[in-house]
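Heads up, the chain below is alone and in the form predicted on its own; it's given as structure tokens.
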Amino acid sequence: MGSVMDSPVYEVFGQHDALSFPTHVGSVRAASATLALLLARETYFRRDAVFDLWVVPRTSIFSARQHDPLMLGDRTNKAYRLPSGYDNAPIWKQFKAQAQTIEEVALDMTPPRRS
């Protein structure tokens, strides 16, 4: 018979109530998914109420960081995605300096007088 260390690792996720998100709470080693559920309940939720409990074999979890780091994107500065990321003050000042007044626009729209 194999040792406990030969058993697969299951990642444990718990949901405390119907409106909460499931969160990762830890890992257990077990010979089967049923045993992993029992061990997870005893290990992580013996004293706390739990709405739902999941165990997932670690080998079934696919991680982008492990398999395709480029999927996560480059780690350059992306401050432009934030509302405070743009420094528009110099551009706005330049635009205001070149802007016409309403009188200047009206004068440009007035047809030339014929003499």
Partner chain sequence: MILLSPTQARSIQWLLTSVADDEWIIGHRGSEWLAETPNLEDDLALSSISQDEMGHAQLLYHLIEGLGGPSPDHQVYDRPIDRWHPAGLVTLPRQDWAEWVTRQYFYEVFDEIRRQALDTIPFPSLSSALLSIQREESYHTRYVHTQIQSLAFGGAVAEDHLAQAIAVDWPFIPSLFTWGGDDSTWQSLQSPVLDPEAMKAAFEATVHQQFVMWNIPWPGALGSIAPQGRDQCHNPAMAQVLSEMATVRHIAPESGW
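Positions refer to the first chain, counted from 1. Keep in mind it's a predicted model, so treat the numbers as computed, not measured.
The next section is about a form of this same protein that is not shown, the form predicted in complex with the partner chain.
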Open item on the list: Is Ser60 near the partner chain? Define near as a heavy atom within 4.5 Å, in the predicted bound form.
Closed with: no
Task: Contact of Val28 with the partner chain in the predicted bound form (heavy atom, 4.5 Å) - done: yes
Open item on the list: My question is simply whether Glu42 lines the interface with the partner chain in the predicted bound form - judged by any non-hydrogen atom within 4.5 Å.
Closed with: yes
- [ ] May I ask you to state whether Leu35 is within 4.5 Å of the partner chain in the predicted bound form, using heavy atom distances?
- [x] yes
